[in-house]
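Before any questions on binding or motion, here is one chain by itself as structure tokens, the form predicted on its own.
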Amino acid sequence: MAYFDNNATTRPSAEVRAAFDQALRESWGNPSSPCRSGVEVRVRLDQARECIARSLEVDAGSVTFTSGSTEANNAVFAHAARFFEPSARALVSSIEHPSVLAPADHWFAERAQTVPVEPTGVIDLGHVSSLLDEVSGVRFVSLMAANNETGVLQPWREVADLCREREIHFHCDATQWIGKLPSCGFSACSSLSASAHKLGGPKGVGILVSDLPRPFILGGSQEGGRRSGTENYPAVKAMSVACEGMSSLLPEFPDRSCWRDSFETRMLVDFPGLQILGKEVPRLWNTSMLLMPDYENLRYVGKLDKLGFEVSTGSACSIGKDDASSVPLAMGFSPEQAKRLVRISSYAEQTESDWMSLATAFCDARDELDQDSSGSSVISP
């Protein structure tokens, strides 16, 4: 089975699995315990924290371990709503992950303003600058580094600079960027979030990088008093090993964009009317979001799965909802068009041959769908 849904989750490497298993067997003590086994785990936990911080080029003291980006995003919004004055306003882009859009709406309600994106999927930097100058009371801005559905890169560094000049808190959901592109520059963010399972680590562990002055989970003194609860050292160790492993591959990853580009070129020839979201702007090297000219996306997903290829319809956190994902709608596509979107996302394991085999499988899937449609009075493109 060729796996092309890596923006949803990635397969942990053998080294990551071995590190997790070893930590589970040998370092099972409570890091907060004063006994020898606990102290040893505390030392190893801090070493893993320093390793992750070095890979992200941030201060280790600002790294708080969480259950993932969703918790981190929720925590920073809840904290901002309590820390800033009641009239404080927030700006969020219209293509953020649900774990940003939902807490923004919950904690700031009518004080949260959604910033639209261009049809390309990129936020208008000039518009953001104007809003920061014209909208009174803006204290918090959130913009993801790279979109999880289209792969489109956002001008997060420039927005971080705009916010720093105005003493505004800037939060960056870096979940899709970290592990795929160099992590330089994140120290300019007031806070950022990331998840281990997006970069070859285990599920259930992530980070919030921020110097939050108040705790966001109460009941203990763990994580510098910011997040109470016994730390999951085996998962943290596995995340640090994943970060080290991906750091060695980062220099070669961008060159793999040519594999994706060759796949897209062939798809455009084989599927007249096909559209590729964000094709005209910089994207993650691993991501391709296709608007198929015919048939709903779930039918393609099903056919491709039987042919040995796993792809997706978009964000895993949006699947199962009746409403279409907010990302294509924000880019100007209709709800009906959103039902024909297929997301392809590779990572470390996928090869150039896998990409081209996937293009062939798409043609085979379309042929099967055509045959199914011709033999049914109900099924239609």
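In this text, all values refer to a predicted model and were calculated from it rather than measured experimentally. Numbers for residues come from their place in the sequence shown, where the first is 1.
The same protein has a further form, the form predicted in complex with another copy of the chain, not shown here; the description that follows concerns it.
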property	result
Contact label in the predicted bound form: Gly278 to another copy of the chain, heavy atom within 4.5 Å	no
Thr70: touches another copy of the chain in the predicted bound form, heavy atom cutoff 4.5 angstroms	yes
Non-hydrogen atom contact Asp21 with another copy of the chain in the predicted bound form at 4.5 angstroms	yes
Pro86, heavy atom within 4.5 angstroms of another copy of the chain in the predicted bound form	no
Which of 177 to 185, 239 to 247, 99 to 107, 285 to 293 sits within 4.5 Å of another copy of the chain in the predicted bound form, heavy atom basis	99 to 107
Answer option from Ser94, Ser190, Thr120, Gln222, heavy atom within 4.5 Å of another copy of the chain in the predicted bound form	Gln222
One residue of Asp211, Asp261, Glu158, Asp305 in contact with another copy of the chain, assessed in the predicted bound form (non-hydrogen atom, 4.5 angstroms)	Asp305
Stretch 214 to 241: residues contacting another copy of the chain in the predicted bound form, 4.5 Å heavy atom cut-off	Phe216, Ile217, Leu218, Gly219, Gly220, Ser221, Gln222, Arg227, Ser228, Gly229, Thr230, Glu231, Asn232
